[in-house]
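The chain below stands alone and is given as structure tokens, in the form predicted on its own.
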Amino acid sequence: MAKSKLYGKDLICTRDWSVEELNMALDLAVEMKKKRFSKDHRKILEGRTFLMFFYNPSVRTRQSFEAAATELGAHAQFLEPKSMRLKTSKSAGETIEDAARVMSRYGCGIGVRILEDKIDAYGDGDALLVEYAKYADVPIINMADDRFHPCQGLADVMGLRQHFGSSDLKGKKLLQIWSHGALARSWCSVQESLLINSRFGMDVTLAYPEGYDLDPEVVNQVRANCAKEGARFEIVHDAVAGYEGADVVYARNWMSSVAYDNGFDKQAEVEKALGFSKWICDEEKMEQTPNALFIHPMPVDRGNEVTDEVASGPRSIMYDVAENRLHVQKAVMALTMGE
């Protein structure tokens, strides 16, 4: 396989890549899914190491990246901050510059995951990835930070295209709706969904109760994306109204807009969120749609974010999207790290 024009490129947010580049990755992911165990694919990263740096754990992310590396002929190495002497605001240790430069000598790529309780203020996790990218000589792949989750966004689009039977999502309506839940999640998957789907021309309705505003810079970018594509964008603060006409319902909990104002308090966020019991995706609400697909990045908080009937129903594609994480990550790794 020859080097692609994406060779050596970081993936911190899908907006860093052009639509053409995103489609390149999605097309390759489809091919790799069809020919999953092709002998040719096993040679792309043969004998190389992908370093996975987990500030926060994730069963699905670790499994999918390790499987992706294996199927490309590489080895995925699991790393945690507690096993490394890293400089922090409270302790001496190795700087990001030093860690990034050294790790670049060992691996062909570096993945980083940092969320919620591992940062002091919103944006710190994303800033850490940007700093790694500044000093690393190999691609930095965002495995989820507090702002963005590009591999999840790509997997979402791949799943929607698969089930709509078309790569053209223009004119389809996405309902991105807050759900009450007990996990106090970062905004990353939600914001990535809004950013990438608006670039592919989807109409977007963003629904959430007062006090759960997302990053205003991201929301303004989504609004601009929709305007550029001639698509509709609206924000509503109603638990039901947005379902009308929706082709896709993405119901997920996220933390409030003041979650970091006095230090991140997960229990306080959970207790506050569980007070909005009307904000659950159920069959009654889904019946207002023209047979919409249900999508979720998982893990799903059943009984709070969504009922079992919807999550396990015939229009739920969350397992397909979870599988697609493997394929889009293989594609991204092949394009950015493979020769």
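From 1 onward, residues are counted along the sequence shown. The model shown is predicted, which means the values in this text are computed figures rather than measured ones.
Keep in mind the form predicted together with phosphoric acid mono(formamide)ester (CP) is missing from the figure; the text below concerns it.
Remark: residue 61 counts among the residues lining phosphoric acid mono(formamide)ester (CP) in the predicted bound form, judged by a heavy atom distance of 4.5 Å or less. In the predicted bound form, at least one heavy atom of residue 152 sits within 4.5 Å of phosphoric acid mono(formamide)ester (CP). By the criterion of a heavy atom within 4.5 Å, residue 113 is counted among the residues contacting phosphoric acid mono(formamide)ester (CP) in the predicted bound form. In the predicted bound form, none of the heavy atoms of residue 330 sits within 4.5 Å of a heavy atom of phosphoric acid mono(formamide)ester (CP). Residue 298 is the only one of 270, 30, 298, 67 with a heavy atom lying within 4.5 Å of phosphoric acid mono(formamide)ester (CP) in the predicted bound form. None of 30 to 38, 272 to 280, 298 to 306, 44 to 52 except one has non-hydrogen atoms within 4.5 angstroms of phosphoric acid mono(formamide)ester (CP) in the predicted bound form; the exception is 298 to 306.
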